[in-house]
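Take a look at this single chain, the form predicted alone, given in structure tokens.
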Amino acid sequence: MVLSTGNTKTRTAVFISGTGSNLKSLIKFSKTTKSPISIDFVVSNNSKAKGLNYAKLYKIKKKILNFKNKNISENKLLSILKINNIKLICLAGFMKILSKNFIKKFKGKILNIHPSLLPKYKGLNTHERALNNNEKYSGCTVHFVNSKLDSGKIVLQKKVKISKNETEASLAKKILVQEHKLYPKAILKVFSL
């Protein structure tokens, strides 16, 4: 699947809802010479998302949509992405589920990073569920987005060992460190497919 042609980087939008630490790591990655993407747009459903500060800091266009009316918000979003020639969407802690319609109408690719070893623990509260089930490992997964929650084709995964006195917070922290490394690797893999 070739998304980029020659030396031009693929125009990418990152969707966030919170702190934007994955956005920050993707921006840093996009500035490297080996990166096949440029981050040209940030979308958030939360006007107070800390991650929006990175958009400001790196002078990246941003749009906040509240998704109260999902249909209207998604249609607005589709036209914004089209106008800005966005070919790839990276979901990075985006707490809204995109509709089948949106996924079908967006003509590029959509990637997501999820804090578990899919297909285990789709959806929310992944760390709590992994700990409650006495898992030895958890981790993170980058996958393509399809119309079923956290069910798209897996690109890459990274295992993280759960230690004896692990808490949700300590596990979340450990996994986040790996997410920042995994997302860029997964993007490189997608572009080499």
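Owing to the predicted nature of the structure, the values given are computational and were not obtained by experimental measurement. We number the residues from 1 along the sequence you see.
Beyond the structure shown, there is the form predicted together with a small molecule, which is absent from this document and is the topic of what follows.
Contact check for P184: no non-hydrogen atom falls within 4.5 Å of the small molecule in the model of the complex. Interface membership of I113, defined by any non-hydrogen atom within 4.5 Å of the small molecule in the model of the complex, is confirmed. The small molecule is not shown here, but in the model of the complex it comes within 4.5 Å of a heavy atom of S21.
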